[in-house]
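Okay, here we've got a single chain as structure tokens, the form predicted alone, with questions on binding and movement later.
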């Protein structure tokens, strides 16, 4: 499923991200994403997370190859969830740079909304960064309101 221009613009905003997976027995795991990159095909996205902070997430992605990543704009709660198949990639210097920019933008945005910087710090770390590559198969609107939970592009009935 390709990301449309609206989603591409959304991904340029300061965002927060939660990645969720599960093991082979269906036990859930979750972690905070700290960086992203939409690939040129517009249906693949790389999400960076800390394996130090979220070790079960890394193990579950390796085991099942499935994830859901939810992205939220802190300033207005516009939110989208992307689901798909996932794999883990080697982390390069460009991924760490991407994570730094993402974390800086998120920190600045949250701070502008009144969240003290010292509270934000523990939420966002790229220690032992990993990259999960997601081939997107489903996109859901998660913004609170009448469209929440609907497939992106679907119309309310």
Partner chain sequence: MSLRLSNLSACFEGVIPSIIATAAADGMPNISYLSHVVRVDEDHVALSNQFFAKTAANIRANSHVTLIVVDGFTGDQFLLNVAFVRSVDTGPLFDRIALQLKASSAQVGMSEVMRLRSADIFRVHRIEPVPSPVETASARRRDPVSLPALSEAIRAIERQSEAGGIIDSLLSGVRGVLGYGNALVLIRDGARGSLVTTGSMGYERSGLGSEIAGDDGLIGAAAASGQTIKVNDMSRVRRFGGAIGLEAETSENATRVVAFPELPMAMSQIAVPMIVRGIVTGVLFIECTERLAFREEDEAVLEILAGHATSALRLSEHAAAQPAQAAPPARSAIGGREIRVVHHRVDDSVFVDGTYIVKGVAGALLRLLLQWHLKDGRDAFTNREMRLALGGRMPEIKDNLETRLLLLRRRLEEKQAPIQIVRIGRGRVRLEVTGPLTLDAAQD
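Bear in mind the structure is a predicted one, so any value in this text is a computation, not a measurement. Residue numbers count along the first chain shown, from 1.
The protein also exists as the form predicted in complex with the partner chain; that form is not presented, and the subsequent description refers to it.
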inquiry  = Just to confirm, with a 4.5 Å cut-off on non-hydrogen atoms, which of 105, 38, 68, 129 contacts the partner chain in the model of the complex?
reply    = 68
query = residue 94 near the partner chain in the model of the complex, any heavy atom under 4.5 Å?
reply = no
request  = Indicate whether the partner chain has at least one heavy atom within 4.5 Å of a heavy atom of residue 101 in the model of the complex.
outcome  = no
query = Is residue 124 close enough to touch the partner chain in the model of the complex, meaning at least one heavy atom pair within 4.5 Å?
reply = yes
key: the partner chain contact in the model of the complex: residue 53, any heavy atom under 4.5 Å   = yes
key: Contacts with the partner chain in the model of the complex, stretch 80-99 (heavy atom within 4.5 Å)   = 81, 83, 84
